[in-house]
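Just the one chain here, the form predicted on its own, laid out as structure tokens.
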């Protein structure tokens, strides 16, 4: 089950953070997302990367915690998409599919002529679309 998704700008500024838990863990999830930025920077700036992985946008599992697994995706404009899940046995193909849909929703949101680049995403349609993507990830992909 996905508990949180986030969009972080190229200057590590939070553009969007949505929690899907009923409890009050927003601060804890925000901290987990913030900690994942160090892992993303380490992977992106690692000079020992092979040529086949230089253009790879899917960063895979960033790090596991006791209760969560954190996955990352980096766009061409260095915007980071982050997913926090409680599922311990998620397939990479399912996560890649989720990030492709999440990235498409993000692109649609920032292509809005009323959106100011670099500012928080406040679009209700983006939030609804992300919620739909998260709900479709949960039950159908874990069966």
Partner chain sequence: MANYLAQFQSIKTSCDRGVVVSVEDVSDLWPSMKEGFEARVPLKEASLNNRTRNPVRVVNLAAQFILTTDARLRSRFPQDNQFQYLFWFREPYATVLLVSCDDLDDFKTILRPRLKLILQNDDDREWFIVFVSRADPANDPASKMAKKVYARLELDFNTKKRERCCKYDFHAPHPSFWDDFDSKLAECIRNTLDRRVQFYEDEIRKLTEQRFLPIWNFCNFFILKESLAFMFEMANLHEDSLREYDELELCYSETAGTPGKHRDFGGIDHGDDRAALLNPSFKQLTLIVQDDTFREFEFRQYIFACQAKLLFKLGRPLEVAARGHSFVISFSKVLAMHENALPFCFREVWVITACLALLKSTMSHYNGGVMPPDIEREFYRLQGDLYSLCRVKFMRLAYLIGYGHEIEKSPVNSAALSMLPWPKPAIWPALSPDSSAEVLAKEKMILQSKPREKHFNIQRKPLPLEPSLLLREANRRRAFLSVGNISELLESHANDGSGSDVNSRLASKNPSYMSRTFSGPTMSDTRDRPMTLSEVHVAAEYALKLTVSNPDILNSLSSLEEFEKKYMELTKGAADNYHKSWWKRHGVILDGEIAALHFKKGEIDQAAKSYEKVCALYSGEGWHELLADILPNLAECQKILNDEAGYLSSCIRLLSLDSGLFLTKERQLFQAELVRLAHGDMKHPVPLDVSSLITFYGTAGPALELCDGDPGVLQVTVWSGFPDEIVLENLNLTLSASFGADEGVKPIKSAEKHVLKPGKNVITLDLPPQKPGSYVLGALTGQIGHLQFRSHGFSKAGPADSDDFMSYEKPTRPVLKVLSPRPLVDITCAVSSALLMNELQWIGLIIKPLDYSLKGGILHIDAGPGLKIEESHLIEIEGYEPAEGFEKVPIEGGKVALPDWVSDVTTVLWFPVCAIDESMARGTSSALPQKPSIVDGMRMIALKLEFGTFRNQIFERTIAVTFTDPFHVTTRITDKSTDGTLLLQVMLQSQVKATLNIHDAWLDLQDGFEHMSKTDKRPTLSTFPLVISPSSKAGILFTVRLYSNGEEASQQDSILNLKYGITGNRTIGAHTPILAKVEGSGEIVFKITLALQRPVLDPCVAVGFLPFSSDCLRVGQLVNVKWRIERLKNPEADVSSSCRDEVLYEVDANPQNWMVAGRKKGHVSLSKEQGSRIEITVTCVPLVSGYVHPPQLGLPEVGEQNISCNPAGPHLVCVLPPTLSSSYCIPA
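Residue numbers count along the first chain shown, from 1. These figures come from a predicted structure and were not determined experimentally.
Just so you know, the form predicted together with its partner chain exists too; it's not on screen, but the next bit is about it.
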In the predicted complex, does residue 111 have a heavy atom within 4.5 Å of its partner chain?
no
Q) Does any heavy atom of residue 133 come within 4.5 Å of a heavy atom of its partner chain in the predicted complex? A) no
* Asked: For residue 103, is any heavy atom within 4.5 Å of its partner chain in the predicted complex, or not?
  -> no
(message) With a cut-off of 4.5 Å between heavy atoms, is residue 24 one of the residues that contacts its partner chain in the predicted complex?
(response) yes
Is it the case in the predicted complex that 8, 11 and 28 each bring at least one heavy atom within 4.5 Å of its partner chain?
yes
When its partner chain is considered in the predicted complex, the residues of 26 to 41 having a heavy atom within 4.5 Å of it are 27, 28, 30, 31, 32, 33, 34, 35, 37, 38, 39, 41
